[in-house]
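In the block that follows, a single chain appears as structure tokens, in the form predicted alone.
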């Protein structure tokens, strides 16, 4: 398997790189992140299975860097996982212009643009995975900008699935609940205490299972799928 995984320096992305290299002999994974040190550590651990590129996906040149590295390192792409993303615990009107633009670029624009740029390397049978959040089904009062960008990606992913189907490329939407990663700390707060977080390894396993079994949408844990129906009735969790 030849895979490109964004947000590979920690959390779901890191767990996914480890799982692919462990599960599929002869795989090659290209990890993408802004922080080089964690990528170096992952490379030392995974050896020939793993290569990386340091790139800021909020900028077009970062996306171009991923394309060049994928061409040189992989040649082709069987699996693209658009996992990179970030949020900030702020009200909409508390955000600076730069924060809003960067969040929209990383969480929404980059997955679509990167898929388009890598299209010549994708083939019939390839899979594109977009990591969203089950939180987009209800109002996240403390993470409204993050939720808005993920709703935009959710909408775009549905359209992307139809556009890529004639090419034989599948698209998988992944909707995690609260995950035990650095996300909330980096966003400026602790994870919601009322919700038990799932391990990133569990999400990584669910993603690969969905890819193997041809599933289009994955909610992890499964009960977060109830938010699709009852989301408007639920209290704000964060």
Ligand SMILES: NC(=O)c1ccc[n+]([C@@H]2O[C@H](COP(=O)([O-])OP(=O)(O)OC[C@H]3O[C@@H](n4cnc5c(N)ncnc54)[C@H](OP(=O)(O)O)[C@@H]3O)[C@@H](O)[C@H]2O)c1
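Note that this is a predicted model, so its numbers are computed, not measured. Positions refer to the first chain, counted from 1.
There is also a form predicted in complex with the ligand; it is not shown, and the following applies to it.
132 is the sole member of 122, 145, 132, 160 with a non-hydrogen atom within 4.5 Å of the ligand in the predicted bound form. This chain lacks the partner; the member of 67, 179, 46, 169 within 4.5 angstroms of the ligand in the predicted bound form by a non-hydrogen atom is 179. Partner contact region in the predicted bound form: 85-93, out of 69-77, 85-93, 113-121, 160-168, criterion any non-hydrogen atom within 4.5 Å of the ligand. The ligand is not shown here, and in the predicted bound form it never comes within 4.5 Å of any heavy atom of residue 52.
The ligand in the predicted bound form comes within 4.5 Å of no heavy atom belonging to residue 204. Contact check for residue 127: no non-hydrogen atom falls within 4.5 Å of the ligand in the predicted bound form. The shortest heavy atom separation between residue 109 and the ligand in the predicted bound form exceeds 4.5 Å.
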